[in-house]
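Shown below, as C-alpha cells, is a lone chain in the form predicted on its own; questions about how it binds or moves come after it.
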C-alpha cells in the first residue's frame, strides 16, 4: 500500500468510535478497535465503512489485546456483509503511543499494510482531530529495519442515507433534551431547497468578488464549478418546471398511499381488538 493512499471514512465509523469511548471502562484512557472496509474500489483509496471495538488492557509496561474477541466479531460482521474486510485499526487519542507499533504489527499479519486511524475524543486543541497513518520501513541497509508511521490524507464521505441521518443528528444541538422529531418528506425538501439557496448566494458572492478583483481566483474552485455546471442537464425552463411538477406529483401520490396504508392498518388493529373482546 503506497504512502500516497487516501482513507475515505464514513460517518458511522466516527459514531461507533465515539460511542465506544463513552462506554469505556473507568480506568481506560483510550479505546482501540478494528476498521472494516473495501480496498481497490477506487484507485489509491481505501473506503472505511464500518468498525468495532476490541477490548484491551494497557499500561506503561505492556499491552494485552483480546485477539479471540476480535476474530469472533470479524466473523460475525462477515456474515452480515461479506464484502467488508479488515483494512486497519483505530484508536482514540491525539498521539501515537509506544504500544501502537505492537498493535499495528498484529494487524499487519491480518491484512497487507493496514491503516491506523486516530480520533482525538479528548478534544486536545479544542477540536476532534482525525488522522490516518500507514507504516513504512526505515533504517540503514544491512541492519535491522525500523518502522515509522507516515501520515496519509483522511476524507469523510457519505452515502445518501448517511447524509440524511447526519443532518438530522446535527439538529439535536439546538434541543436541550437532544431529541429530534422525524419530519415529513415535504419538509425535508423545503429545508434542502433553503440550504441550496443559501449556498448559491455564497457562491454567487464569491464569483462576483473574483470578477471584481476583490478575491484572488482559486483554480481548484474554478474546476469544481466547471464540473458542476457541466453536470446540469441542458433543458429549457419549461421542461425543467414540467419535470419538477411531475416529480412532486409522484411524491404526493406516495405520501397519500402511505397515509392510506397507515389508516388501513390502524383500522384493522381496532377491528381485531373489538372482535377479540366480544
Partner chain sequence: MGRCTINVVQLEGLALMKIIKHCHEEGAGNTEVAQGVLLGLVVDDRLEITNCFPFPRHADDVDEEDYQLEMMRHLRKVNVDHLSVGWYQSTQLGNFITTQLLDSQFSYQTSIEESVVLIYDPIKTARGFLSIKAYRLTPEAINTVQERDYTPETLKKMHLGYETLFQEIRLVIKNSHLVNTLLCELYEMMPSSEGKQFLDLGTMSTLDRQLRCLMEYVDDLSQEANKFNNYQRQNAKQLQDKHKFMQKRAAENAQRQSRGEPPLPDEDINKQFKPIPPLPRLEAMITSGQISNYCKQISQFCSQSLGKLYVAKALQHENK
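Remember, it's a predicted structure, so these values are computed and weren't measured experimentally. If you superpose the two forms and keep the largest set of C-alpha atoms that fall within 1.5 Å, you have the rigid core. Positions refer to the first chain, counted from 1.
Below, we refer to the form predicted together with the partner chain, which is not included among the displayed structures.
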property: Interface membership of residue 137, the partner chain in the predicted complex, 4.5 Å heavy atom rule; result: no
property: The partner chain contact in the predicted complex: residue 222, any heavy atom under 4.5 Å; result: no
property: In the predicted complex, residue 72 touching the partner chain (heavy atom, 4.5 Å); result: yes
property: Contact flag, residue 159 vs the partner chain in the predicted complex, heavy atom cut 4.5 Å; result: yes
property: Heavy atom of each of 192, 251 and 254 within 4.5 Å of the partner chain in the predicted complex; result: yes
property: 67, 28, 244, 215 - the one with a heavy atom within 4.5 Å of the partner chain in the predicted complex; result: 244
property: Answer option from 205, 97, 170, 198, heavy atom within 4.5 Å of the partner chain in the predicted complex; result: 170
property: The partner chain in the predicted complex - contacting residues of 225 to 247, heavy atom within 4.5 Å; result: 229, 232, 233, 234, 235, 237, 240, 241, 244, 247
property: Did residue 204 shift 2 Å or more between this form and the one not shown, C-alpha, core superposed; result: yes
property: Core-aligned C-alpha movement of residue 28 between this form and the one not shown, 2 Å or more; result: no
property: Shift of residue 57 between this form and the one not shown at or above 2 Å (CA, core fit); result: no
